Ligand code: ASP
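Next comes just one chain, in structure tokens: the form predicted alone.
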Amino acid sequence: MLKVCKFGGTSMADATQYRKIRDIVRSDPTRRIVVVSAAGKRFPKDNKITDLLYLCHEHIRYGVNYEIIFDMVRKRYISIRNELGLRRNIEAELDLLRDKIEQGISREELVSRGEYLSAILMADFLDFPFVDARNWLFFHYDGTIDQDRSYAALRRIVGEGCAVIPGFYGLMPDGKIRTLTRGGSDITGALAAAALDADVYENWTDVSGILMADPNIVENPRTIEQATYSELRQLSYSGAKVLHEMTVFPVREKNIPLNIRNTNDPEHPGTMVREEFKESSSDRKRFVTGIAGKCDYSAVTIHKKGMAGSVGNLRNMAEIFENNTVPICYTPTGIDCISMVCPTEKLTPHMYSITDDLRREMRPDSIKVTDSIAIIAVVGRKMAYRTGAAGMIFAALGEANINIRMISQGPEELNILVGVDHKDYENAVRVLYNAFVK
């Protein structure tokens, strides 16, 4: 039995959090692989170490003194070392980093050092071997991960033993450090779990699993006890902010269960994610897994008489957006109209170019652009076969006097999407949560 455990920034914020991690790891001897993030915020107005390192680089880039910012990084890790009573010469590591900065360190290597410093301290604290990510996580020249080489290297290094591994970075073929996207330590943990054929990948955060709705909108939402990988993907894409979206792919490929847990409440079972679950009687009664959403979408709608009987309109419209590098998130359609729903920030710089191209290429009767749209996803298993689900949404929002701007049901039976005005977003989430969950 092997569990790979990844601990996020808030779990690594200070010495108190390190002690919690030690207790979690020691409580289960199968927790032999620990992947860590850089130190996160200790309190709301605190700084994340990675953010400070990004800021250091910007100061260097523009010739501004970076010493005050670097000293904040230095003091944080020395403080953690001292409070834990470790003997690690962290000052030597920090001095080496400063020397590299003076010699022209790359941006990616600089911002990766938060994870590196966290990992060497955690390895000392747990008395586990330290395995540098640069020694096993390898990229191709195009920036994609060389899974075969990476997996083989980690299996060779770790064997049946223990290890603490820094997340977020690996090595390019030319020997340079390459970072993953923000939140990439989640991916490192998933890759380690897949490489070692772990029985469970535990992702430890500051919440007790995935919540059924945003706690900033819904008071004390329930925890999702179990979800499928497809549901997790849909919730993450639709706005749930618990886990990096790309995390699911390495463990999903190997059908490794993913358990999302809370470092500050380790007895809570959190959320278990698998490829599929046997449906229980409680699942049949409550078919909604969660409700998530995002604001700041815009819809570009073209109307043209007789469009339903002609060929190629959807393709032509999509090509115009593609040529302008604007991603399309949703495509609600009518008989003689098509809408492209996009993130407003992506659409705005290309608005005039897109509308000009649409007029020239498609000759519509009208073009309408609607801003300030929020998209809410009601996610659950086999929703297409739940009689009255869409009707319940219409009824609940109608009773709350919330106007529905668009509605769409995915063919994969996982979600019903609802578009509302931005001003109605939070109220709509509360109304839907109360209708489907309470």
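Counting begins at 1, following the sequence as shown. Just so we're clear, the structure is a prediction, and the values are computed from it rather than from any experiment.
Beyond what is shown, the protein has a form predicted together with the named molecule; the following relates to that form.
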| item | value |
| --- | --- |
| Answer range among 64 to 72, 392 to 400, 34 to 42, 372 to 380 for contact with the named molecule, defined in the predicted complex as heavy atoms within 4.5 Å | 34 to 42 |
| Proximity to the named molecule in the predicted complex, single hit among 257, 239, 183, 332 (heavy atom within 4.5 Å) | 183 |
| 4.5 Å heavy atom contact, residue 48 and the named molecule in the predicted complex | yes |
| Heavy atom of residue 201 within 4.5 Å of the named molecule in the predicted complex | no |
| Those residues of 100 to 117 which, in the predicted complex, come within 4.5 Å of the named molecule by heavy atom | 115 |
